[in-house]
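Starting off, we have a lone chain in the form predicted on its own, written out as C-alpha cells.
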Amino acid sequence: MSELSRRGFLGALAVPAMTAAAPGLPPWPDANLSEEEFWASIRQQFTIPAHETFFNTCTLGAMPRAVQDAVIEHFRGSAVTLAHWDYRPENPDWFAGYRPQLELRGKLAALIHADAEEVAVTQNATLGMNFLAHGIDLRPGDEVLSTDQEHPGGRCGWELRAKREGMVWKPLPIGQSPEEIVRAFSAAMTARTRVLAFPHITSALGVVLPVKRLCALARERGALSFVDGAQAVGQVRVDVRDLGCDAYYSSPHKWLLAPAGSGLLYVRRDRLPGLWTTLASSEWDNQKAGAYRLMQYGTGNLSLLKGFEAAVDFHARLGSQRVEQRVMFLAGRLRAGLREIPGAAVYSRLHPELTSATTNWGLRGLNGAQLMDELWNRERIRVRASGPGVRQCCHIYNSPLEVDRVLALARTLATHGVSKSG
C-alpha cells in the first residue's frame, strides 16, 4: 500500500477523539459550573428537540452527538475508501466479525470491572442470554430459577430449552423487599437447580434485585448465576467481581446510549471452558481466545462498534457514579411528587434498595395507553405505556423542570380528567 493510500485509508476511518470536539459538536461543560448548569450543558450534547422530552430510555437511549458522529463518519469513510482495503492484519477492517476488537472489549471490561478476555461484544442482551441458555449443558429435569418479571430477552431461551429438551424453567414472584426476594429463591431451590437467571433491574417496573446476595446463594448451593443487566449498564455502577456472578449480559443501546444493536456478554474466566458456542465460525473452539469464541457470528457493522466505543468514552468521561447519582435524584423527585397527587399510584417497588431510575406509575381513571397519549399530546413528553400505567425512565438528558412538568400535568389530569375534546 502506498503512503498516500495508507493516509487516506487511516484518515477516512479515524473516529474523532472525545477530547477534541468534532466540527459543530458542543463543547464539554466547564468543571466550575453548578450542578444544574453542568447537566443543562450536557443536554446540549443530544439532538432531541428542545420542545420534546424523552423518558423512554428503558427501550432505547438517545445517542449523544459524539456517538452519532462516530457512526456516520466511519460509515461514510469506509464507503469512500473501500478499495483501499487489503486484508492485511496490521491495517483496519471495514467490517466487524473477524477480529477480536480488543480495544472496545478492554473499555467494556473496565466499565464493569472485568478482564477483556472475559467480555464478548454482542448485538444485545437477547443474544447474550441465548448464548448462555444454549451454551451450558443441562439434562431433562434440571432447573433454572428466574423471576416472573423477565423481559422476553431474558427468558425465551430458557423456555425454548424447556419445551424442546425437558429442562425446567421456574419463574418466581418478586417480593417487596430484598429479604423476600432472597427467601423466595432459597425456598425454590432443589437438588436439581443448576442456574439462577434473573435481572439486575427489571424492565417493566425498574426493580433492583439483590444481585450480590442471589449470586452468593447460587454459589453456596452449587448453581450458576446469570444476570440480565440490560437495564443496568449505564444507569448504575456495575462491578461483576463484587457481584460474584458467573455471567452478565446487557444492551448498552439503552442506558449507556450506544447505537441500537450494541451488546456485551461477560463470562467469568473459569466458566468460559464449560460454555459451548451457540453460533460457530472460525474461532468457535479456540479455548485460548477467551470470550472471543462467543463473537463468532459472521460479518457485523464496524461503524456501529465505533459508535459503541464512543458511547463508552462519553459515559467514562461523566463517570458512572455521577450518572447514577443524577438519574436517581431525578427519579426520587418524580416519586416524591407522585405521592402528593391524589389518585396517583406507583407500581414500582418502594423499598429504597429496590428503586431505580425507572418508575412505573399511573392515575385513577386512565389506563396506560391513555396516560401515555395525554403526556405526549399535551406536553410532548414521551413515556411508554406499561400495564395499568406508564414507565418513566429518568436519564442524564432529563431535568428537574421536565420532571416537574410531568407532575403538573398529572395533577391536572387527576383533578379534571380527560376532556372529550382530548
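The first residue of the shown sequence is 1; numbering continues from there. No experiment lies behind these values; they were computed from the predicted model shown.
Omitted here: the form predicted together with a small molecule. The next part is about that form.
Only one of 126, 193, 348, 146 comes within 4.5 Å of the small molecule in the predicted bound form through a heavy atom, and that residue is 126. Exactly one listed residue, out of 312, 294, 267, 230, brings a non-hydrogen atom to within 4.5 Å of the small molecule in the predicted bound form: 230. Within this chain, residue 236 is remote from the site of the small molecule in the predicted bound form, having no heavy atom within 4.5 Å. The small molecule in the predicted bound form comes within 4.5 Å of no heavy atom belonging to residue 78. Of the heavy atoms in residue 170, none are within 4.5 Å of the small molecule in the predicted bound form. In the predicted bound form, at least one heavy atom of residue 203 sits within 4.5 Å of a heavy atom of the small molecule. Judged by heavy atoms within 4.5 Å of the small molecule in the predicted bound form, the contact stretch among the candidates 146-154, 316-324, 339-347, 175-183 is 146-154.
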